[in-house]
Each structure stands twice: as C-alpha cells, then as structure tokens.
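Let's start with one chain on its own, the form predicted on its own, as structure tokens.
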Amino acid sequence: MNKLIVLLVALTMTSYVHAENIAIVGGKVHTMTSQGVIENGTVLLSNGRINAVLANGDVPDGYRVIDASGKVVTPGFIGALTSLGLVEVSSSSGVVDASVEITPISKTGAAFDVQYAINPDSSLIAITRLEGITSAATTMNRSDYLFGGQGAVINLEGHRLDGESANANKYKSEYESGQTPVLKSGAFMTVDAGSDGAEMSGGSRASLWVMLDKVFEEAKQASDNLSPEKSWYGINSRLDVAVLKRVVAGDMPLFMRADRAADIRQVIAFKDRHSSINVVLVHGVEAWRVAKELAGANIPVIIDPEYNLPGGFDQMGATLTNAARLHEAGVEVAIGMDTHNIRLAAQHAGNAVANGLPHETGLASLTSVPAKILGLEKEVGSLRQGARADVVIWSGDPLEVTEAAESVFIGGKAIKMESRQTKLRDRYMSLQQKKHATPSQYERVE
C-alpha cells in the first residue's frame, strides 16, 4: 500500500512539473506571424504549447511570471541543415553516423534513414541550444551514393543530468516515457547536384543529370508494391523506390546542393521536368546570379551567407550580398550550414542583415522559413496559439553578436543554460582563484 502511495505522489509531481504554466511578459516579441512585432508582449505557455500571444495582456491565475522587460522574445531558432546528433568528432576512426559507405540494402542511398542514428546525449546539442536553437534538420554529410538518405527534424532538449541523484553520472531522460527527440522522420532527401555529385555518378555532370532523371522516372513507373517474389533489376533497390515515391509525390522535400550558376540552372530545369517534386536549393553560393529564375520556379534556398571568397571553381561568384539579392528577387531564404556547428547561424544571419537583408527577414530565415520548408510551420518557427512552446528570451537583438540567449524553453520546459563548454569555462576560472591549485589533470570534477 505504501509503495502505491509513493508511486501516485511521484506521478503527480512529475505531471505538475511537465504541466507548468509560464507567462513571459514585457518583452519585445517577434511572433513571426501576421501579428508582427509586439513591443510589450505577453506569451503564455501551457502544457508544452503556446496558449496565447497578447499585447499588454493580463496574466491569468496559475502562471509563473517571467519578466522580460527590456529583452527580446523570439521563437526558438531552427537549424535548417545540420548533422547534429550524428557526429561528435568527424575525424574519429570509429563509427561516424553522419557518413555512410557501401551496403547491399541500397543502390542509390535514398533508403537510408538517420532517425535511427540520432544520439540525444551528444555534447554538441547542449552547446547548440545555448545559442537559441531549439530544433534542427539533421542528415548525413557524406555518402558514397547518389543520395544522402532521409533526414530528420529533431528537438534539442536532449538528455539532462539528474543533479539530485546520488549518482552524479546518472542520466535522466525525458524520452523514457516513449518520446524521442525526433519531431519528424523522413523530413527531406538530400542530393549533391554539383561537382561532388558528378564525381559520385561517373565523374561528370553528363552522367549525373541522366542518372537523376532515370532514378525518378523509375520510381514513378514502379508498382507501389514491388513483390519480393519477382525479380527486380532497377537502378534503385526496392527500398529506394518506396522512399523516392514520397519525393515524387511532393511529400518529402528534395534538398539539392549546387553552387555554380550553371548547376543551379540545371536544378531549375529539373524542377520544370519533375514539377511535383518539392525542390529546395542548398548552399547556392552563386544563387544570386539566377535569383529571378529561382523565384519564378518557387524554389526556396538554404544558404550559408558567409561565403565572400571562392572555395573552388564552382564558387567564383561568392558575395556577402547573396541573401539580400535573393530576397529582393522574391526568393524565400533560410540560413544554415550543413554542419554540426549550426550554433553560429544567428551570427551569420546578422552578417547577412549587415549586407542588405532586412532585419525581420533575417529572423525569418532562422524561424518561419525553415519551418515552412520542412513542413512544420504549425509546430515550430513562430509564436502562435497551439504551436510548440519553443521560446527564447534574448538579452537584446539576437542578430547582434554581443547579445545572447538568456532563457531557452523547449516544449515549454526551461533548459538549464549549461553545456560542456560552460563547465570547462567555470572549471578553469575557479582554478585561477585558488592560491595553491592542484594541476587540473589531478582534479576530479563531479
């Protein structure tokens, strides 16, 4: 009987913590919706969702109030293209889940699915969310195949140390209840439509584009249920075909990486031939040169706006005004880097704004635009009623490098503003304050 009472009390306490109501008041709220910017806004969080966004709104009873006066409130930023949760040390001699080699289950790489490889214990997740990024599109960054497989969108809540436990090394996971960090699996497909893709497809663009057309035509024409009893001699494996049918139907965006203008024009022509495919241009160093054509084809772009010098012959037209010129032509722009170092995205967006991109568009490139590209605009990327309560309170303008995220909420829960980097900082700062400090290699940090 006593055990049952203890269990009921524990469940009640857990439910209370998860259901905490929070009111963020007094801040400059960038809703990223038709509400625009609210100078003195109130954001109500309840049961992991946004309950309301009000101007000078009264706080209902039962809400814990957080005063954000003089601060800026935004939706959690979205890493538009990363390898978070798949790589810790990219040069490791062991398994690095952000890359894949030859395997018999696939012929073109379309069937691979990164959702099974995501590690919520990665130290890079905590480092990233301290910069105001609360969710990320993650995928492999190297493949021996035509496609890079199916990417996933994850939240960055991660695992947390249970500080009240007698065992300081014991992890307490918010996913033990059956939840996972994956917000959306099979969220997009990646393919390199530039030099690297040509190298993987026979060493020439002459073979790359023929290959791309043929694999999609094959997927279109193949039966919905390829019987294992019948022989199959396709360019794709059976598993590849099943996934590519989702791409053909427009249910899964196709992220096509290309930098030089000539390759981007081929991407546009590909979209014209396969109009049902939801094409997204990635990287696009020379995208500004064909900005009007991209806008006319309704192809959004995920770029790293920091490229101002060519890193190869495909990037001779690199310029810091890339994002601004694309926006001016009517192209939807998201800012991201295909790396685990996506924490720098806000700084990159700030540099794009400094080079002509409107400020609110810079914020949209980190919030509402990537959410729309990923088909999650009702869930993340904006402060609207019913959306996930992924919210960040900033000390000031988040696109200014001197400002920082002060509070981060993911699914309505306040994230401890701590990472491996902050722990190392605090450790060595404390050593400097000791007169006779033991060398750091002899100290055990619990």
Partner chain sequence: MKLTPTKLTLLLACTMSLLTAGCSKQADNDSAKAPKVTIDPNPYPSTYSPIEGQPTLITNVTILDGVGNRIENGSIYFADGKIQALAESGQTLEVPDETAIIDGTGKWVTPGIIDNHSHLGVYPSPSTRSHSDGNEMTNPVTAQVWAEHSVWPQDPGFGRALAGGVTSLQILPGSANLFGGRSVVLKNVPNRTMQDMKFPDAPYGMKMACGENPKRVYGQKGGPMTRMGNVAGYRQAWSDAQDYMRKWDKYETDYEAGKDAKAPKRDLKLETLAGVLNGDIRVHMHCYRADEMTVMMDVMQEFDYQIGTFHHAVEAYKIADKLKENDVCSAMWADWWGFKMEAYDGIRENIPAVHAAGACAIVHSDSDLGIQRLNQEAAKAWSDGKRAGLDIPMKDAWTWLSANPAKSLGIFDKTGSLEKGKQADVVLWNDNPFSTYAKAEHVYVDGGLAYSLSDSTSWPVSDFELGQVGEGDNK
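Residue numbers count along the first chain shown, from 1. Source: prediction; values computed, not measured.
What follows is about the form predicted together with the partner chain, which we do not show.
Distance criterion of 4.5 Å from any heavy atom to the partner chain in the predicted complex singles out 421 from the list 421, 385, 33, 56.
Of the candidates 250, 317, 330, 375, 317 is the one whose heavy atoms come within 4.5 Å of the partner chain in the predicted complex; the others do not.
Stretch 280-288 is the contacting one of 188-196, 74-82, 280-288, 101-109, since its residues have non-hydrogen atoms within 4.5 Å of the partner chain in the predicted complex. In the predicted complex, the partner chain sits within 4.5 Å of a heavy atom of residue 354. By the criterion of a heavy atom within 4.5 Å, residue 300 is excluded from the residues contacting the partner chain in the predicted complex. The closest non-hydrogen atom of residue 131 lies within 4.5 Å of the partner chain in the predicted complex. Interface residue remark: residue 123 is counted as part of the site for the partner chain in the predicted complex, having a heavy atom within 4.5 Å. Applying a 4.5 Å heavy atom cutoff to the partner chain in the predicted complex picks out 306, 307, 308, 309, 310, 311, 312, 313, 316, 317, 318, 319, 320, 325 from 305-331, in order along the sequence.
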